[in-house]
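The chain below stands alone, shown as structure tokens; this is the form predicted on its own.
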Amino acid sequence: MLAYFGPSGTFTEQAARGFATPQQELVPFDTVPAALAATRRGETEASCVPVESSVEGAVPATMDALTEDEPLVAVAEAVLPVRFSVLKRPGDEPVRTVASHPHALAQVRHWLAEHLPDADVVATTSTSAAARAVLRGEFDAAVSAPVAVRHYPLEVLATDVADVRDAKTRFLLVRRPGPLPEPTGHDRTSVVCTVGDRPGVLADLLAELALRGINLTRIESRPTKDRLGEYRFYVDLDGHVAEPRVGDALAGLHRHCQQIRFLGSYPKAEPGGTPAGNDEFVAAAGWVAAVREGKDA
């Protein structure tokens, strides 16, 4: 079974379907922590959760839940374009009310103003909840993920709707710790660094990456919630922990952190960037080994 942050008919379900094997059952959970907890308990093989939106930024619930309780490790990612469908009950009734999650409504505001200027806009708890409310007759139309039509017998009034044409959301497939995916040459490594309140600590972390020519693709801070001034830094970087350059950098980060949690090394959904070379690190390690053995180096 594969858990995902539900309910059914959302973009997370759409991402989960891309991860799932034909034999895997998809199981929705009401919250991100609940989906991850099911995987930690061994009730599901893996969980699919949203981690980052190009419009709304990071997903705090996912960031926090990945650092709590037993470790989980990301083994894959998916990036979906955020394109909505506007669904209505079958028939020719005019659309006087449109419902959806506030984030979805914010991303189709201009489309609604142009195509349904007289409709009242109402916020709901999720895009899927809006579709269910349309079925019950509470609203005339819902702004939903395209996958919602699999679950609700509604008519597609419009599809491929988005004010921000390049909007995307990134999802992670996480499992209990075990063998990691093999390096592909276009990988991402994610870690969480917990640091103390001291001058220059962030500069120290960044220097470990810069000195090794490693591309930092994302860094965000979240409070630890334990004490004021103590933060966790969520770091995404290009490369795989199996690469000498990346492994050396992670060892450097470890020296500066009160705690560091490895969140995974996995293939990028959208390969890009210039992979860092590792030849000089291999050569340097060989030289040190020779010196330690008393050989002519």
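In case it trips you up, residue 1 is the first one in the sequence shown, and so on. Computed from a predicted structure; not experimentally measured.
As for the form predicted together with a small molecule, it is not shown, yet the points below apply to it.
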Next item on the list: Identify which of L112, L154, V191, A104 has a heavy atom within 4.5 Å of the small molecule in the predicted complex; exactly one of them does.
Entry: A104
Margin query: Taking any heavy atom pair closer than or equal to 4.5 Å as contact, tell me whether F11 reaches the small molecule in the predicted complex.
Written below: yes
Check: Can any non-hydrogen atom of L173 be found within 4.5 angstroms of the small molecule in the predicted complex?
Finding: no
Notebook entry, point to check: Using heavy atoms and a 4.5 Å limit, would one call T169 a contact residue for the small molecule in the predicted complex?
Noted result: yes
Next item on the list: Would you please decide whether V195 lies within 4.5 angstroms of the small molecule in the predicted complex, comparing each non-hydrogen atom pair?
Entry: no
Item checked: Segment that reaches the small molecule in the predicted complex - one of 223 to 231, 208 to 216, 89 to 97, 123 to 131, heavy atoms within 4.5 Å -> 123 to 131
